[in-house]
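Coming up is one lone chain in structure tokens, specifically the form predicted alone.
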């Protein structure tokens, strides 16, 4: 492996290049654009043999990529925020048609009010779409998860979103280990599964009767559930092949004797590690669970990691209005009726708001002060 200093956007583009994508379409949107720009340069420089389709909107970009995938090409796009919302119609088409598309999402807050800064609300809006959703702690995760995403998508015929945060990751430089192209080729052989034959045209997504529709949805859900078995296997093989340290569904940190656990996904995980180390030095029995896979939600893996924990602080960079944070809501539902563990959610970092060590520590303290209150949801940093 070579070690390079690159941004998260460059890591996403490099992952797609190493995967040898064949169809790329996008519409320029901030802060996802640098990944698109870098991929365009790879194509222009002759480093990537890929068909680039210029589109007039994000909706059209995903539609173009869907066409490429239906023809059997390895296809990729990048977007975020309002662009992802504009894609929503096609997002559901892609999942329902079982097309193995990978999409990088440089998470950005949604309007209104207008924001250019990071949070996870854009992808939370797509939580029921039928896409696997992976979250990245750092730029190394972006590269590793992008390569693995194509393997997962093509084996299950389920699309995958690789989420990384705008500016905090997309525009920040970090050292990243880059695997050799020949080894990626061996790890990720092209699994061509065309649904269209240009020499024998036929309709796709015709009207389906109530007699058949539920069966399509059942099979789609079964494939999502099967990903909970496949993703750890792919990660383990990736680690063995490349000497990497990519986690499967979740990653436990200092959880062996933890009485209080922080649960989080995305860039805030790295900051939470610092707090856990600081509190451990003070003698506090606290640990951290990094959630890499949010859809499908890895209930069994998380509950096993929390089996000896009394308090849980869930950090959410999103808000489901009137309910709370999406990750906390999922965890509370999963743990319902399973003992006296207190699970409280903390909402922070919305629209680029502060979510440093001090804010995470405040969330931990408020969780512990809640006592037996299991339904508390606190806003940090207001």
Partner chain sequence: MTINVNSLPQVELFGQGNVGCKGCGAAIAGRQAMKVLGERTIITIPASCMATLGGSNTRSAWRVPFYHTLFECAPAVSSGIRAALEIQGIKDVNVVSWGGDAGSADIGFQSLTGAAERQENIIHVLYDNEMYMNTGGQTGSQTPIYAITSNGSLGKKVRKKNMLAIMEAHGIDYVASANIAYPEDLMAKFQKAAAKKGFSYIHILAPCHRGWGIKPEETIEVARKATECGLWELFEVDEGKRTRTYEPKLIPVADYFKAQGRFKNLTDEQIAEFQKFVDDYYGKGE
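Residue numbers count along the first chain shown, from 1. Everything numeric here is computed off the predicted structure, so don't read it as measured data.
The next section is about a form of this same protein that is not shown, the form predicted in complex with its partner chain.
Only one listed stretch (204 to 212, 175 to 183, 127 to 135, 256 to 264) carries heavy atoms within 4.5 Å of its partner chain in the predicted complex, and that stretch is 204 to 212.
Proximity to its partner chain in the predicted complex, taken as a non-hydrogen atom within 4.5 angstroms, holds for one residue of 70, 320, 342, 335, which is 70. Scanning 110, 188, 97, 234 against its partner chain in the predicted complex with a 4.5 Å heavy atom cut-off leaves one residue, 97. Contact with its partner chain in the predicted complex, defined as a heavy atom within 4.5 Å, is made by none of 30, 44 and 171. When its partner chain is considered in the predicted complex, residue 307 lies well away from it, no heavy atom lying within 4.5 Å. At least one heavy atom of residue 59 is located within 4.5 Å of its partner chain in the predicted complex. Taking the partner from the other structure, its partner chain in the predicted complex has no heavy atom within 4.5 Å of any heavy atom of residue 225. Residue contact check for residue 273: none of its heavy atoms lie within 4.5 Å of its partner chain in the predicted complex. Contacts to its partner chain in the predicted complex (heavy atom within 4.5 Å) from stretch 39 to 57: 49, 50, 51, 53, 54, 55, 56, 57.
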